[in-house]
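Given next, in structure tokens, is a single chain: the form predicted alone.
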């Protein structure tokens, strides 16, 4: 009876394939498992420890995360390596080919932002916010701007620069920035995407802005959301 149960669980955990030569179908074979794309998302700004991934993906179990990392590693999308002393921790990071998947996230993000059922109040990781800024910046609004901006989210810091109509962001120290937003990812998103007044968020105690406040107001205006899609009969 126990052997039968183990065999049944192994079959249930086996990866399914579409057996379709279409490259889109093969892409789903590679990253179509639940949580796979979000694991890739969390690695898009650099290596992460297993514990970091679990913290930023609160709905995933350790077992499922292990399975997804093993599957992505076997597919050549993720690699595992050990940091040199004194850290000596094992981390996971994307391969060069893995990093090339960012346009997929950008296209999906722009498309899904139009969904009338999107719930922006759900958990939102720091990496997710940073990638959304790289996705949603309006080149026309950003043209001619040169803004060095920093973000302090928990123990992590990110540095970005608006230049030539785009924004480059990386996990880095805040040594040379014009302003810094400090708070949770959802609070910063409220300022950028929900259009909430910076002073109101500061009074609420969920956001702190250090630096040029005029520049801060200008920065949060560079990321307009697209109009919601109309659902026939809705």
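Computed from a predicted structure; not experimentally measured. Positions refer to the first chain, counted from 1.
What follows is about the form predicted in complex with another copy of the chain, which we do not show.
Colleague: Using a 4.5 Å heavy atom cut-off, which stretch among 172-180, 205-213, 47-55, 34-42 contacts another copy of the chain in the predicted complex?
Modeller: Comparing against another copy of the chain in the predicted complex, the contact stretch is 34-42.
Colleague: Answer yes if any heavy atom of residue 90 is within 4.5 Å of a heavy atom of another copy of the chain in the predicted complex; otherwise answer no.
Modeller: No, no contact at 4.5 Å.
Colleague: Just to confirm, residue 147 within 4.5 Å of another copy of the chain in the predicted complex by heavy atoms?
Modeller: Answer no; every heavy atom of residue 147 is more than 4.5 Å from another copy of the chain in the predicted complex.
Colleague: Taking heavy atoms and a 4.5 Å cut-off, does residue 157 contact another copy of the chain in the predicted complex?
Modeller: No, no contact at 4.5 Å.
Colleague: Would residue 104 count as touching another copy of the chain in the predicted complex under a 4.5 Å heavy atom rule?
Modeller: Contact with another copy of the chain, yes.
Colleague: Taking 108, 123 and 128 as the candidate spot, are all three within 4.5 angstroms of another copy of the chain in the predicted complex by heavy atoms?
Modeller: Contact check passed for all of 108, 123 and 128.
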